[in-house]
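A single chain comes next, written as structure tokens; it is the form predicted on its own.
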Amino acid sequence: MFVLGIDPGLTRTGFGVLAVGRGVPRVVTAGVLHTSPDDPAPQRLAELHRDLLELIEETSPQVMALERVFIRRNITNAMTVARASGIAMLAAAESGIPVREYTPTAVKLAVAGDGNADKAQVASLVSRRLRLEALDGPADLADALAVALCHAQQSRIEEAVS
């Protein structure tokens, strides 16, 4: 099964596709989609939508695992993340793949065993769990792979229980 993990954002959207089966999940592809803050929001959302559809077409995931929007203090930032999250859901729906959402705390707990783990801990543990020498890129990349790992782990638990 291919799991597409998404860490949504309007300027940067992290993505990671994992091949999940027996043994250690394998990274198929991972990276960050960018839009320019200088462009109008509708144009940026359309660009993100096109990029996500292209990524889904290229990788054929069976499911999208998405980090759920979490509002801390900055409502404006939360709104832009929510817009990007909605675009990701739309791309998944148009492509016929289900979406599973996970809170940041659930992702950290699944990957690091601590719902309060910081970004450096998450990145380090994602790298170790996927047997990567290094995770080159911004935190959005590690976060997207962490969401995909969270889903892989949750799926295994659900299979074992049913």
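Computed from a predicted model, the values in this text were never measured in an experiment. All residue numbers are counted from 1 along the displayed sequence.
There is also a form predicted together with another copy of the chain; it is not shown, and the following applies to it.
Partner contacts here mean any heavy atom within 4.5 Å of another copy of the chain in the predicted bound form, and among 31-39, 93-101, 113-121, 54-62 they occur only in 93-101.
When contacts are judged by a 4.5 Å heavy atom cut-off, residue 43 counts as touching another copy of the chain in the predicted bound form. Of the heavy atoms in residue 69, some are within 4.5 Å of another copy of the chain in the predicted bound form. Under a 4.5 angstroms non-hydrogen atom cutoff, another copy of the chain in the predicted bound form has residue 49 among its neighbouring residues. Counting a residue when any of its non-hydrogen atoms is within 4.5 Å of another copy of the chain in the predicted bound form, the hits in 78-99 run 78, 79, 82, 83, 85, 86, 87, 89, 90, 93, 94, 99.
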